[in-house]
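In structure tokens, the next block holds one chain alone, the form predicted on its own.
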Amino acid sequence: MKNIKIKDFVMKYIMYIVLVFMVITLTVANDKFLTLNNVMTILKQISIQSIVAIGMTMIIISGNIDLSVGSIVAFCSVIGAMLMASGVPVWIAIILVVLIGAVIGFISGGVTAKLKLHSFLVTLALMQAFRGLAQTITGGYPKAGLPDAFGGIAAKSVAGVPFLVLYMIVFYAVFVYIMKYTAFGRSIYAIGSNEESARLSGINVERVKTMVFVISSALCGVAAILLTSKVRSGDPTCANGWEMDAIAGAIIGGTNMAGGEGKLGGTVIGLLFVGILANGMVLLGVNAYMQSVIKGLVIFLAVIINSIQKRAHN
């Protein structure tokens, strides 16, 4: 009986155990790893992607997927940069970018929900379309000439903590509350668990599904603003592959790809896992190509573990 309990515990928290083991290993291997400066570097590196991962986690919990988040970030980044470079006040440009993101989400979510299409196909098409559109309107080159004050949104810090990290904490606090304590959050879990049962219980499935995509894409708009502020330009090639990082963070953090299960807190841990892995490989001088191989294998194993955990739970 005791062995069974230990086995269940290990299976439930295996990714967290691996994370602790990885931290210990990297600390021993490189004395620069567990320094305050490097820890803040890791948190800054995952902060903007973490905001995108909030929406991705909500979408996956609802039983869907969104492959277009990286392209939406790039498109919104370009639009925001072009607005500010043309003289539009910073805060008006920020609001417009977030609204544009929300409209894109309304389109993808509305089409998915109303026409009952698979979100994979819908967002795959939009991924290509918005990445191409971002490159078309810029000629494939970054758009610079942004106001100096705009850079402070991402560059500043307070008491040694970067604003980017604080933004991440605030957004997660808000959405953890929404997912855990509101009827809307509970509806997302219900739809992901059993859409037909959710509909019979009075939940407006189409509206909730659409709103989840709207929120996710609006968060992509927020991420675009922060990323544009960080690099001081709107780059049509930015955020490439972010959809995979967001999905990886959600899966490693315990979100069930079949829907109905997952926690935003777990997604943060999942992204921290990916961030620490990437940072550690850089410190250890791992070849850039090999870094991609290792990262892909980790995601592959996480998917397998996620499936095993789901079967064990059932």
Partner chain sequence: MTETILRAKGVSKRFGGTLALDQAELELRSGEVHALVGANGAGKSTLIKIITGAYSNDEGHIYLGDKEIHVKSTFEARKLGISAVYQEFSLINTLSVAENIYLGKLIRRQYGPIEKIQWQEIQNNAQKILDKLESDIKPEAIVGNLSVAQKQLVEIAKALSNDIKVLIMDEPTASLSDNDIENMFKVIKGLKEKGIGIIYVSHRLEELPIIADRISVFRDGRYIRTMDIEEAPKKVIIENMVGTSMVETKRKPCSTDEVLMEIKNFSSGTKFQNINFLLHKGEVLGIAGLAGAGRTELVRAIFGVDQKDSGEIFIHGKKTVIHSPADAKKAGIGFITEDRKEEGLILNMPLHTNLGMTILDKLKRIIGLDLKKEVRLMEEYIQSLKIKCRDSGQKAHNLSGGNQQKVVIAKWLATEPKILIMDEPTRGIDIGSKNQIYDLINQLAEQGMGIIMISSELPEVIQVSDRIMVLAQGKKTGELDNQEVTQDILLDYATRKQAV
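Bear in mind that the values here come from a model prediction, so they are computed numbers and not experimental data. Positions refer to the first chain, counted from 1.
Just so it is clear, the following notes concern the form predicted together with the partner chain, a form of the same protein that is not shown.
Novice: Only one of 188-196, 95-103, 130-138, 75-83 has heavy atoms within 4.5 Å of the partner chain in the predicted complex; I'd like to know which.
Specialist: Result of the contact check: 188-196.
Novice: Looking at 161, 174, 144, 183, which is the one with a non-hydrogen atom within 4.5 Å of the partner chain in the predicted complex?
Specialist: Result of the distance check: 183.
Novice: Is residue 202 near the partner chain? Define near as a heavy atom within 4.5 Å, in the predicted complex.
Specialist: Heavy-atom contact with the partner chain at 4.5 Å: present for residue 202.
Novice: If we define contact as a non-hydrogen atom of the residue within 4.5 angstroms of the partner, is residue 260 a contact of the partner chain in the predicted complex?
Specialist: Residue 260: yes, in contact with the partner chain in the predicted complex.
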